[in-house]
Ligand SMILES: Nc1ncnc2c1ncn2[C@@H]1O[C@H](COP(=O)(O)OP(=O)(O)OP(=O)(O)O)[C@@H](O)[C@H]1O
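In structure tokens, one chain follows: the form predicted on its own.
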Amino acid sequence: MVEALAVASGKGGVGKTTSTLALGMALADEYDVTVVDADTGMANLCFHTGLADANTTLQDLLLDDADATVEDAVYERFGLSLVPCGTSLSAFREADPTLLREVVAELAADTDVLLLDSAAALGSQSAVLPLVLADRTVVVLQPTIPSLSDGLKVQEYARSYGTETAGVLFNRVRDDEAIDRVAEQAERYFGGPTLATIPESDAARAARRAGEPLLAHAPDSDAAAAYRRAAGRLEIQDGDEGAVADRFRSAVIPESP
């Protein structure tokens, strides 16, 4: 079985990478989980996982003359298989984002859940390709109208390529009363349920400084418990590995929005 989930948002700073890793670690209690830093323009999963000095990353696999293998870019950490992305601007410019299809197809053959930490904007081919490749999308929001609006744009774009919404995650929530009103509106417009509301957390900031995922750094925090509830509400779909890999390899290459 395998399902690919893109974790996306319409803007930066909402805690998308923190959320991707937290969901991954929570799901890893039951599934084999692979997390890919598919935000090739603003990669930072490496800083959350102590892999800033990784020898081989996704960036190396997206070069036309790459001699690295996919296996070379996979690191076993925190109960996850992690594929970080490098932060070299020159390598980003030289990378061919369409090669992500083959990378994801190969990873799909050896995992149950594939989480694609996606770009925060829809401004380039490399940013939107994870939304096209994924089976479904988890949209990470903050409880504000602008954030909802940006998230709806992500959903609309993903749906135009047949990628539905698995659920919405409200992160960095400070006002419990306000979130109830916003979440009620979100249920009307987004295709999936509200998976959880994650409280603003000093533990999350401390985890980032320590270079560790939240669930490793502060497993008993309120935020960690909320992420576990969110993972529990995600009903992972049982896709055939071969069929999913073939779909990735033949995926339509999207035009830039």
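Heads up: residue numbers just count along the shown sequence, starting at 1. These numbers were taken from a predicted model, which means no experiment stands behind them.
Heads up, the form predicted together with the ligand isn't pictured, but that's what we're talking about next.
Undergrad: Based on heavy atom distances of at most 4.5 Å to the ligand in the predicted bound form, which listed stretch, 25 to 33, 50 to 58, 66 to 74, 204 to 212, is the contact stretch?
TA: Contact-bearing stretch, as computed: 204 to 212.
Undergrad: May I ask you to state whether Glu200 is within 4.5 Å of the ligand in the predicted bound form, using heavy atom distances?
TA: Glu200: contacts the ligand in the predicted bound form.
Undergrad: Indicate whether the ligand has at least one heavy atom within 4.5 Å of a heavy atom of Arg136 in the predicted bound form.
TA: Result no; Arg136 lies far from the ligand in the predicted bound form.
Undergrad: Indicate whether the ligand has at least one heavy atom within 4.5 Å of a heavy atom of Asn44 in the predicted bound form.
TA: The answer is yes: Asn44 has a heavy atom within 4.5 Å of the ligand.
Undergrad: Quick check on Val14: any heavy atom within 4.5 Å of the ligand in the predicted bound form?
TA: Heavy-atom contact with the ligand at 4.5 Å: present for Val14.
Undergrad: State the residue from Leu131, Ala120, Ala105, Val113 whose non-hydrogen atoms include one within 4.5 Å of the ligand in the predicted bound form.
TA: Contact check passes for Ala120.
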